[in-house]
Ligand SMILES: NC(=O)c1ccc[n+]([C@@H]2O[C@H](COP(=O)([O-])OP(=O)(O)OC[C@H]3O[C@@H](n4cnc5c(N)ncnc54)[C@H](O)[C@@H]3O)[C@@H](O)[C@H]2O)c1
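Single chain ahead, written as structure tokens, the form predicted alone.
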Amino acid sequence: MARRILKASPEASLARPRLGFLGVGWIGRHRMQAILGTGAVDVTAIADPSPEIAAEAGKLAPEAQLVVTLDDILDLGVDGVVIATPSAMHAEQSIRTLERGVAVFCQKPLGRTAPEVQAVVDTARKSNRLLCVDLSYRFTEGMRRIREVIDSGEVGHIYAVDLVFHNAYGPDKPWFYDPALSGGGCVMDLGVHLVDLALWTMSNPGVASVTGKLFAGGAPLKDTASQVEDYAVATMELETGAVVQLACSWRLQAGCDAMISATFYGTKGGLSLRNVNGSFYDFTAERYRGTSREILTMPPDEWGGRAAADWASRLAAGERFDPAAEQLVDVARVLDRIYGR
């Protein structure tokens, strides 16, 4: 289903948007490259706690000022801020930016809980500024094609969805393992992509019920205040009657770098996105008819920065608040229910 294009506001400036980047580690720099590749914006400011990392990012945009804080970025009169900081900071930094009348592109999760996410979305609506989150798997060519086929009705009623994301490594930064800073473990880190893919691909149906089971170190997770999960399974029942089964993990003995898949079973066929040879980046999409299969898409597909580039292009076109941001709250509510909160 084609995304509805919002018309630019009458006061939209013809000048190229000026952007600030808050947090420019590997992901932040990668997204900066993708955004610069649009040719639609200028990078005005870069901030990172590490001067060395900020300087490295500055090589991509030599005209940008290297500053220290978010306030330093905002004081330069930017039009948008790209946020790639630890999860605990996302909601507060996004709200502060939006309250200054500045658009936001944020890494996932937008907030650690549904109320945090709702507060950001409410602020974006009030300020009438474009808010997007880096839910990048939506932008793989395979998922785009799968969504098109489902929307066409060619595979009938989708009644079952299987979602998997096992990362055999896990995060390398300590804050990921502190519930107060991360909001959760592998569900918050990886499950957010799976839940989003299920709801987005099926045009955001209502969620009737959610159950989940969390593990840490091979045993049921007992204290969510002091531990995060490294393995999780969950079941979502949708108001369409479909059942969604989800499994995700860190450091699973997977026999490869990663196992990633999203499979949709309908009354007239099936569709599946799967990673190739354990890759985090290469995917193939297939369509199933009984015992036969048809390849829809194959690598290569440079999808990693498309969400960021899409936001930048939309900002340059003068787009303001997109009501589709409310779907971010729907995903966060599912995560809260998996965590039992």
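Sequential numbering from 1, following the sequence displayed. Note that the structure is predicted; figures quoted are calculated from it, not measured.
What comes next is about the form predicted together with the ligand, which does not appear here.
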Is there any non-hydrogen atom of Val24 lying within 4.5 Å of the ligand in the model of the complex? yes
Is there a heavy atom of Pro49 lying 4.5 Å or less from a heavy atom of the ligand in the model of the complex? yes
4.5 angstroms heavy atom contact with the ligand in the model of the complex for Trp175: yes
Whether Thr123 contacts the ligand in the model of the complex should be assessed with a 4.5 Å heavy atom distance threshold; does it? no
Determine which one of 263-271, 228-236, 175-183, 205-213 lies within 4.5 Å of the ligand in the model of the complex, judging by heavy atom distances; exactly one does. 175-183
Looking at Asp134, Asp196, Asp79, Glu116 here, can you tell me which has any non-hydrogen atom within 4.5 angstroms of the ligand in the model of the complex? Asp134
Heavy atom within 4.5 Å of the ligand in the model of the complex, from candidates Val102, Ala242, Ala91, Ala84, belongs to Ala84
